[in-house]
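Before any questions on how it binds or moves, here is one chain, the form predicted on its own, in structure tokens.
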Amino acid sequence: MSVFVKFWGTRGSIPTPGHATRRFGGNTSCVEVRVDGQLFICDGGTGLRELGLELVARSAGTPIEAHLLFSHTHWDHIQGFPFFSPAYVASTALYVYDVEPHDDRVHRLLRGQMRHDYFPVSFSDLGASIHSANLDGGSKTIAGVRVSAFEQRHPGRSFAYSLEREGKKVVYATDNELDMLVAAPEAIARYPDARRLCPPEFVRFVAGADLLIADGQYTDEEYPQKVGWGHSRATTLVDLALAAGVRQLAIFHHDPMHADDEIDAIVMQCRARADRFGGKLVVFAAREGMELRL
């Protein structure tokens, strides 16, 4: 059994091309997860464009099938879809998932962003078979992979996803203001080094993950001015990962104002925090083009 993960977009909020972001990348959220060859795509930010080009090249003309899991439909998570090359190929089958039965909101919003007011090619011009699907209210087995969803705290709603098969587990949890569930804003500002008790239901959802990909957009210093914006402190992810017994933590959804050197500093701070609490946790920053085999 094999699990392959590749990061195609790691940035949050808006694409940030340029020299200052060249190591960790400037494309917005998109992660490829393959479980025994079955393709899952987490979010469709601008990184989806390059993934699409790669999929077409890899397929060498054979049909492409992909299952698309969107954390939510803010622009930085869907804006790559109109540039996703496989969507223009007739032999492609794409399954776009909502969580609840009979809900097709994600499918409708992908279609909506391709209205001529926003884009010159309409959704109806896409050649692929694009199916609206759902997770039966929260959990479903897809091609032998158990896919589960967990609602997070973010303006407009967002969902984390867990993908499990034969003892291997990947959790994708971006755009989640975990800190608002941990303590009051004044306590967060006053006691930045205190151990944070994360919501037990979310700890259970993440528990035992071989890889947790999670939103750590803010530093401890930045967060008090960003309360309610829907993102977490990177250091809080360490506490979550330790409580849940996670093996590897990928800090994700990098702030558009953070250059590569600043992301390096965040990682060092998070590693020091894990060491201080005595945890055996591998901590790194998600980087565009990074490949992992679990």
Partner chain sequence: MARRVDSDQTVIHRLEPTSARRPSRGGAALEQRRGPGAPRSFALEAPELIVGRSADASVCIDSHLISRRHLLLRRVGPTYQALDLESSNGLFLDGVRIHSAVLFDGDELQLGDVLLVFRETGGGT
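All figures in this text were calculated on a predicted structure; none of them were measured in a lab. Numbering follows the first chain given and starts at 1.
As for the form predicted together with its partner chain, it is not shown, yet the points below apply to it.
Colleague: Is it the case in the model of the complex that H67, H72 and A143 each bring at least one heavy atom within 4.5 Å of its partner chain?
Modeller: Result no, not one residue of the spot touches its partner chain.
Colleague: So which of 38-46, 22-30, 233-241, 58-66 is the stretch with heavy atoms within 4.5 Å of its partner chain in the model of the complex?
Modeller: Among the candidates, contact is made by 22-30.
Colleague: Any chance F277 has a heavy atom within 4.5 Å of its partner chain in the model of the complex?
Modeller: No, F277 stays farther than 4.5 Å from its partner chain in the model of the complex.
Colleague: With a 4.5 Å heavy atom cut-off, would you call A272 a contact of its partner chain in the model of the complex?
Modeller: No - in the model of the complex, heavy atoms of A272 and its partner chain never come within 4.5 Å of each other.
Colleague: Is there a heavy atom of V282 lying 4.5 Å or less from a heavy atom of its partner chain in the model of the complex?
Modeller: The answer is yes: V282 has a heavy atom within 4.5 Å of its partner chain.
Colleague: Within 230-251, which residues come within 4.5 Å of its partner chain in the model of the complex, counting heavy atoms only?
Modeller: Sequence-ordered list has one entry, Q248.
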